[in-house]
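Just one chain follows, in the form predicted on its own, and it is written as C-alpha cells.
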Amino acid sequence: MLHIVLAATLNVVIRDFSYTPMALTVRAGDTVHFVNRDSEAHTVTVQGGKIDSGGLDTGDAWSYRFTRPGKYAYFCSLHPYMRGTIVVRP
C-alpha cells in the first residue's frame, strides 16, 4: 500500500510586534507563510542570515519552504527583540 504525505503550508501572523505562534514545529518540505498584520514594517531573518524575507510592509506576505531538519531561530532585523523559532522534523 502506497502512503502519500503531502506537504503543508502553515501560517505565522506578525502583529503587535510579535510572531504568532512564536514557536512552530513543521515537517521537512512544509512551507511557512508569514503575513504582516502590524502597522510597522518587519522582517523574518534566520540567525546567520541565510534566510531573510527582506522588509515586509503592512499587508505584505512571504513564504519559505523548509527542506532541512533542524531548529531555526528567527527575528525581525528592524526590531531585534521580536523572536520566533521553527523546528523542522524529518
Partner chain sequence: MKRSAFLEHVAWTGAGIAYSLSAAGIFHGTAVAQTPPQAIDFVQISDSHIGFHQSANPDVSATLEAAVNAINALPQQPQFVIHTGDVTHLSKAGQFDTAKNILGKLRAPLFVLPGEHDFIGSDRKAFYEAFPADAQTGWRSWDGGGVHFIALVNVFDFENMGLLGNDQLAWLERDLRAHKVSTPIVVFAHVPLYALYPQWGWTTEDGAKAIALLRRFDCVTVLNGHIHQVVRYQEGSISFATANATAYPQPKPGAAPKPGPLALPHAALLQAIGYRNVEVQPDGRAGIAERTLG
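The structure presented is a predicted model; accordingly, all values stated were derived computationally and were not measured. Residue numbers count along the first chain shown, from 1.
Keep in mind that the form predicted in complex with its partner chain is not shown, yet the notes after this line are about it.
**Q** Taking heavy atoms and a 4.5 Å cut-off, does residue 28 contact its partner chain in the model of the complex?
**A** No, no contact at 4.5 Å.
**Q** Residue 58 near its partner chain in the model of the complex, any heavy atom under 4.5 Å?
**A** Close contact exists here: in the model of the complex, residue 58 approaches its partner chain to within 4.5 Å, heavy atoms only.
**Q** Even though the partner isn't displayed, in the model of the complex is residue 11 close enough to its partner chain, meaning a heavy atom within 4.5 Å?
**A** Contact check for residue 11: no, nothing within 4.5 Å of its partner chain in the model of the complex.
**Q** Hey, in the model of the complex, is residue 35 touching its partner chain, heavy atoms inside 4.5 Å?
**A** No, residue 35 sits far enough from its partner chain in the model of the complex that none of its heavy atoms falls within 4.5 Å.
**Q** Within 64-86, which residues have a heavy atom closer than or equal to 4.5 Å from its partner chain in the model of the complex?
**A** Contacting residues: 75, 77, 78, 80, 81, 83.
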